[in-house]
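Presented as C-alpha cells, the chain that follows is alone, the form predicted alone.
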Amino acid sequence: MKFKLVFLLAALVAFGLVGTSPTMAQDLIKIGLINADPNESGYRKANVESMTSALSKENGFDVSVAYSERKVENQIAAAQQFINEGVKYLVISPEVSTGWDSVAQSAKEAGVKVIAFDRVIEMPDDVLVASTVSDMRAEGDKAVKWLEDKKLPVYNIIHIQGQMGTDAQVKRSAALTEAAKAKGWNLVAQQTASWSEEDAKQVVQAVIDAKKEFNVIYAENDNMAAGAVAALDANGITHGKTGEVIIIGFDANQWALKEVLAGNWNLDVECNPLHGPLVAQIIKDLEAGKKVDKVRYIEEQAFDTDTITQAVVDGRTYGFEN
C-alpha cells in the first residue's frame, strides 16, 4: 500500500497536479533587470552578457529584462511595471542618475529593494540597498593625469562627450573640464556624440572643416574614439604614438586595446562591464541576511601605448568587435 501511494504521488507531480515541496524545487528570486541599450557600445554588449549569465535560472534567479532604447522614461516605466508584477529586487543601470523619485517611492511602498550597477542612481538609502559601479571620476582623472604628464608645449583638445547626464559623461567631462580651466588647456570643441561612432566622426570633421588647430582628442568611449580616428584618416591626419594627434578613449574593449598596442591610439582607460557576478553575490548575501557594502567600485586600469603588452590584449575577455 505504501508503494502505491508513493507511485501515485510521483505521477501527480509529473503531470503537474500537485506542487513540489521546497526541498524538491528551489524558489527563484524574482528580479526586474533594467539596462541601457545593448547596441550602445561594445562595453554595453559585454555588460548585458555578464548580467544575463550571472542572473540566470541556474543560479537561482527569475529575471524580467527591459532595455532603455536610450530613453530614461522607458526605464522608469519598466521599473513601475516590474514593481507592479511583484519583483523582489530592481537591478538598474540608469540612463541618467536623477529623476527616479517616483520609482523610489513605489519601490518603498511595495518593499522592493533597488541595486544600481554600472552607473550611480540617486535614491534614498532605505530603497537603494547597494551599488556596484565604476568610479567614473577616477577614470577621467587617470586620463587627465596621463595627459598632463606628457608635458605638451600646447594643449588644443577636442572633447567628445558621451550621452549628456549619464554618470560616465558627467564625471569624465568634469575631470577634463576642471583640468583645462586650472591648467590653461584649450578646448577647441566640446560636444556630445551620445556614444555614437558616426556622430563623433562628424564632430571631428566639423573641427577640421573649421580649420581649428588641435593635437588631442579626448573621447568618452571607445566607439567615439574610433569615429574620431576615422575622420582623421579621411583627412590624412596622423595619430597615435608617432602621429600628430593624441587619441584617448574609454572602456578598454579588446578591439580598442589592439589599437593602443598597434600605436594607433595613445591611451584607453578601462571601464569594467563585468558587474554580473558582483550583483548576483550582493543579492545572495542580502537573502542570507548578511551586511553588504553600500557602494562597491569595480577594479579598473588604464593602458597606454608605451606599456601595453600582447598578453594584456589576449587576456581581455570581452569587446572583440567594434
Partner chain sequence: MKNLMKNPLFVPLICLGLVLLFNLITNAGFFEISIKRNNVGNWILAGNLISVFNNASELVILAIGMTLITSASGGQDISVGACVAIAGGVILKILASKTGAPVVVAVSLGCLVAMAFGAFNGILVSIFNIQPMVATLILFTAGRPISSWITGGLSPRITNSVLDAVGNVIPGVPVPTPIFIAAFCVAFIFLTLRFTNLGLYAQAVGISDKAARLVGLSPRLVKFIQFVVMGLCVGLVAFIKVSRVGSIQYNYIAKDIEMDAILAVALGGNSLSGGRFSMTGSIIGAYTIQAITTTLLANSVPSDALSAYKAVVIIILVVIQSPVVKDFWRKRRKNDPAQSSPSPSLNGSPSAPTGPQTAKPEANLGADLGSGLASSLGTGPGASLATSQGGA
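Residue numbers count along the first chain shown, from 1. Values in this document were obtained by computation on a predicted structure and should not be read as measured data.
One more form of this protein should be noted, the form predicted in complex with its partner chain, which is absent from this view; the next part is about it.
4.5 angstroms heavy atom contact with its partner chain in the predicted complex for residue 194: Looking in the predicted complex, residue contacts with its partner chain include residue 194, since a heavy atom lies within 4.5 Å.
Contact label in the predicted complex: residue 161 to its partner chain, heavy atom within 4.5 Å: Looking in the predicted complex, residue contacts with its partner chain include residue 161, since a heavy atom lies within 4.5 Å.
Touches its partner chain in the predicted complex: residue 276 (any heavy atom, 4.5 Å): No, residue 276 is distant from the partner.
Distance check, residue 119 to its partner chain in the predicted complex, heavy atom within 4.5 Å: Flag for residue 119 set to no.
Options 102 to 110, 233 to 241, 148 to 156, 81 to 89; stretch whose heavy atom lies within 4.5 Å of its partner chain in the predicted complex: Heavy atoms within 4.5 Å of its partner chain in the predicted complex occur in 233 to 241.
Single option in 73, 213, 178, 198 placed near its partner chain in the predicted complex, where near means a heavy atom within 4.5 Å: Answer to the contact question: 198.
Single option in 266, 50, 68, 41 placed near its partner chain in the predicted complex, where near means a heavy atom within 4.5 Å: Only one option qualifies, and that one is 41.
Heavy atom of each of 208, 223 and 255 within 4.5 Å of its partner chain in the predicted complex: Yes, the whole trio is in contact, each within 4.5 Å by some heavy atom.
Neighbours of its partner chain in the predicted complex among 100 to 132 [non-hydrogen atom within 4.5 angstroms]: None of them.
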